[in-house]
Every structure is written in structure tokens, then in C-alpha cells.
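This document opens with one chain alone, in C-alpha cells, the form predicted alone.
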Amino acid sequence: MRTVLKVVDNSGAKKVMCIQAVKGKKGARLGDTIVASVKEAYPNGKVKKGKVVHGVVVRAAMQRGRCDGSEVKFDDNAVVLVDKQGQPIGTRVFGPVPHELRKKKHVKILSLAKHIA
């Protein structure tokens, strides 16, 4: 994997590097859970550099088709850090989040987000 993703919550991490997708696929798409390593972190955050964390992909540069025929695509690859039960570590989510997360049972992330795309 080795993809560097931006962290878009206030958990304390800035960037993480993907280790693997949890669902044994070769890659992770919108709404998928990944295992990642923290590469950059703020000095007094909840997570520290080098820690192995779980995260949910909330923005992906690869386009994804929707039911109505349109396609959603973002400028960057972004992730929200979660614990093993799937609850977000941070208390805020920055930037747009796609509504496809509702189908993947990440309703808590949607409720924290300001803008739903």
C-alpha cells in the first residue's frame, strides 16, 4: 500500500501511511477501513508519531460511481482515525465527506462532519 493520507480530524495526527486494507482487498476505496502508521503528528495530540491506528477513508482521488449515474471524486486522499470498534478518535471532522459512508455504517463520522458531499 504505502499511500500517504491526510488526517482530517482533530485526533492529533497530520499524515498517516496506509499499511493494509482491513477487508483483504488489494486497495481501499471510499468508506473502507484501513490500518495505518502515523507519520506526522501534532506535539500534544491524542495519537503520537509511530503509532499504528485504524482509519476510515473519507476522501479519495479515485472516482467512484453513484447510483444516479454521477461520479464523486476528490482532490486528495483523506482519512478519519477510528478505534477498533469504529468510533472516531477525534471530535471534529474537517472538509467535505461523501454520503456513501452511511451505507458503510459510519454514521458517527457523518454526524461530526460539517459538509456532506
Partner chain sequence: MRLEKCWFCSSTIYPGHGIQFVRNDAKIFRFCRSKCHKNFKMKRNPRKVKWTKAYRRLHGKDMTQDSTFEFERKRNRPERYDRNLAENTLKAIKKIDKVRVTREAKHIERRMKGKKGKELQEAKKELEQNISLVKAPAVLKEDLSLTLPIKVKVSQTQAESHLMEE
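The structure displayed is predicted, hence computed values, not measured ones. Numbering follows the first chain given and starts at 1.
Same protein, other form: the form predicted together with the partner chain, not shown, and the subject of what follows.
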{"item": "Which of 62-70, 31-39, 44-52, 80-88 lines the interface with the partner chain in the predicted bound form (heavy atom within 4.5 Å)", "value": "62-70"}
{"item": "In the predicted bound form, residue 4 touching the partner chain (heavy atom, 4.5 Å)", "value": "no"}
{"item": "4.5 angstroms heavy atom contact with the partner chain in the predicted bound form for residue 117", "value": "yes"}
